[in-house]
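Just one chain follows, in the form predicted alone, and it is written as structure tokens.
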Amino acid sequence: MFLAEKNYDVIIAGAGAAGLYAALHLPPHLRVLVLSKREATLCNSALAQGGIAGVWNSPNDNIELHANDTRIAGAFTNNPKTLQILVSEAAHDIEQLVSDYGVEFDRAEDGDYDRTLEGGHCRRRIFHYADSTGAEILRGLLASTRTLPNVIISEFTTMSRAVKTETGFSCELLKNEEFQVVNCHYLILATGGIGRVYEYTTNSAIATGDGIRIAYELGARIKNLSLIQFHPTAFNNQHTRECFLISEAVRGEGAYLRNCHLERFMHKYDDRLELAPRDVVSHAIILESQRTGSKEFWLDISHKEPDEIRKRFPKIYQKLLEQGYDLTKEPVPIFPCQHYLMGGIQVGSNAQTRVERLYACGECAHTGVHGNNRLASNSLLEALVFSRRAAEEIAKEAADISPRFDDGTFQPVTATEPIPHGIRTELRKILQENYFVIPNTEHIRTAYERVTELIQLIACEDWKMDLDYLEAKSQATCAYLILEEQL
């Protein structure tokens, strides 16, 4: 047994910004288990470069402007209730990052915070730590969480299955090929995105949609899973599945987009040029690609002061230098790739699902704040605001909870044969070819039927239940739900 305790008041699947922030806001008398699929520092939150959007001590900005920019980016399909919560509570959570958890943001020469601009924003409201904001936020949250005596963080631990019980949930965990069943009164899913369903993504290796699959199996509603954001400026080396993101903030600081002829082209597609929202820019690149017959595109900020570029984007500058490109001297190759999920596990304003005592927050959840397209740097904010609200809701409910824990039952899997090789590769290829920036509507049904066949193959009880099997099952479930929404 890799965990000494069997029963917990709250189990949190996911150790990114949402999972850790929830743990930090749960009452100290509750026993909490946080699961990290790999090392706790590997998550999509840590990869976030641009920053966190919000109106905090901002004399030239207000929450209605922030809300309006979010509505415009989301094509006015945003949930008005949760959007108002997001923008109005941003100041509270950004301040708490700084004052309670030691998170640092860059400051200007006058001592005020150096807020930056990104696509879709009408004001400079992005708090950042150079170009490693997510990593800095995660550092502060992780260090603070590790000081809590009531919280256990179990790294390299995957939740394989969960069943509902009268007192909450029983969860089957997998670590180093060993299984263990633990119980909880409340379950929070904060497992991040689904990027590994695609051939090319900015997401980390853990982003296989596990939480969405578990929620689906528990009976939670999955909504708008086909609302997928493709980031327009991922580094295009065409050699690795995980594409290095070149932050939206680079365009916010004045970078140009250029086509295969090194010509600027955004004026043909949108008056906001390079500062249009991500979905608009990605569509423009694909349309320009069709017009020119080339997938060669470039991001160019070489006309700006070199020292300022290196200071503002040290991580991006160094990463590109390792790939043979000097951001201060030349354009760098970019192309859209999968980046973020706007849909997911349907939740209310306190991150609650329709399954009693099941909560979801962060990228795996669908709060509706983003509408059809997420405004840049609203993702970290959403993760904080709604994970805190989930913790606050659980704190109120847990005051009257019974101390009893019921054991759930899991049908044992004794198979030793691994899942057939190539299933996950085929799933990625299907999504990449049929549901990219502009969907291939003629072949969606054929793609859906093939994914259905793969799900049926995976569902056989004849495969060894290891991490490869679980991730294939999660990826197939997500692919199925994405394509089903397109029929």
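Residue indices: 1-based, along the sequence shown. If you're wondering where the values come from, they're calculated on a predicted model, not measured in any experiment.
Absent from the display: the form predicted together with a small molecule. The rest refers to it.
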Problem - 4.5 Å heavy atom contact, residue 70 and the small molecule in the predicted complex - result: no
Practice task
Flag residue 32 as yes or no: does it have a non-hydrogen atom within 4.5 angstroms of any non-hydrogen atom of the small molecule in the predicted complex?
Solution key: no
Exercise for the section: Answer for residue 15 alone: is it within 4.5 Å of the small molecule in the predicted complex, judged on heavy atom distances? Expected result: yes
Practice task
State yes or no: in the predicted complex, is some non-hydrogen atom of residue 130 no more than 4.5 angstroms from a non-hydrogen atom of the small molecule?
Solution key: no
Exercise for the section: Could you work out which of 394, 187, 380, 255 is the residue within 4.5 angstroms of the small molecule in the predicted complex, going by heavy atoms? Expected result: 380
Exercise for the section: Find the only residue in 203, 233, 367, 78 having a heavy atom within 4.5 Å of the small molecule in the predicted complex. Expected result: 203
Exercise for the section: Mind telling me which stretch in 445-453, 432-440, 44-52, 418-426 gets its heavy atoms within 4.5 Å of the small molecule in the predicted complex? Expected result: 44-52
